[in-house]
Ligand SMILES: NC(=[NH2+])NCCC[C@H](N)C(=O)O
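The data below hold one chain only, encoded as structure tokens and taken in the form predicted on its own.
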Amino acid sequence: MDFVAGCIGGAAGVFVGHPFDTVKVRLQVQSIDSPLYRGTFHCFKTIIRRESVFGLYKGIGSPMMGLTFINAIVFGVQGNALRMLGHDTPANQFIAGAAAGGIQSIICCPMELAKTRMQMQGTGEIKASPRLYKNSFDCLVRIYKHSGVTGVNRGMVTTLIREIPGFGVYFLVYDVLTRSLGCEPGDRFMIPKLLFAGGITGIVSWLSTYPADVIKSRLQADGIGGVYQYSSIADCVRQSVRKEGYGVFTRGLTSTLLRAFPVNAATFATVTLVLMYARGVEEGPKECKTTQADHHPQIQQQT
């Protein structure tokens, strides 16, 4: 039942947070020499005006497709790792979360590659033009045919750099917050507490790994149209800092933090309700405390 609840909760989080993620990606990868957007809110308005509200949901198919597999991996690995460690402590929560984050990157990296490519497709266009990719699956198929397994896993190292500590921080912070807030069955303020804990957790976990997410987005967006700008992670960091300064590592951060709270709040509220109705009030909330869904934090994640 944890698996089903996590999938439904994650889907709710993706639906709520995807528009913010689209804005984040657009801001992270836009050219500093000829930027289309002046900031987060200008980006929102421009996308809606030029591409309609559906422009904010470009690439949503990819995270939705990978949701089941990612949640299954995260819940399974984290739970088993925690049992192997023997004690439910904050430190073990971090270790188990880090393990889950590393393993789920196998699915997360190709999923986010397709999402990023779809989000960048038709950037700034007022009138629709022929699209290179029909959907997220078609995007991955085309990348595989052109570049093989390496192409589909572009950005894997930066994904691991982001996900391993990101999930560790996520599980640690959520565990500490729920313990501190006294999230106990029967507490009439339990759901508001879970909403608050989940939202704050999402913000903290994104802040802990955001620079890695910027580089990941740039590497995964690189090569659209057949032109590659970066030869490696180090080259991407070097070029980005040289052209835009260290502030480049906060590009799109406002959109990400605005997204982090409602995404995690929606995820945990949905998971809680599903478990309460499925298992009863006494067992549902108790289980929810150890159920995590969405990174960015990126289940998303970032999220």
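No experiment lies behind these values; they were computed from the predicted model shown. Counting begins at 1, following the sequence as shown.
Keep in mind the form predicted together with the named molecule is missing from the figure; the text below concerns it.
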Report open or blocked for the site once the named molecule, placed as found in the predicted complex, has been superimposed by the C-alphas surrounding the pocket (blocked: 3 or more ligand atoms within 2.4 Å of a backbone or C-beta atom; open: none). blocked
Using a 4.5 Å heavy atom cut-off, which residue among Gln93, Thr209, Ser136, Gln220 comes into contact with the named molecule in the predicted complex? Thr209
The named molecule contact in the predicted complex: Lys115, any heavy atom under 4.5 Å: no
Though only this chain appears here, would Gly166 touch the named molecule in the predicted complex if you measure heavy atom gaps against 4.5 Å? yes
At 4.5 Å between heavy atoms, is Arg26 in contact with the named molecule in the predicted complex? no
Is Ser205 near the named molecule? Define near as a heavy atom within 4.5 Å, in the predicted complex. yes
Would you point out which of 136-144, 76-84, 189-197, 166-174 contains residues with a non-hydrogen atom within 4.5 Å of the named molecule in the predicted complex? 166-174
Sequence order please: the residues of 18-41 with a heavy atom within 4.5 Å of the named molecule in the predicted complex. none
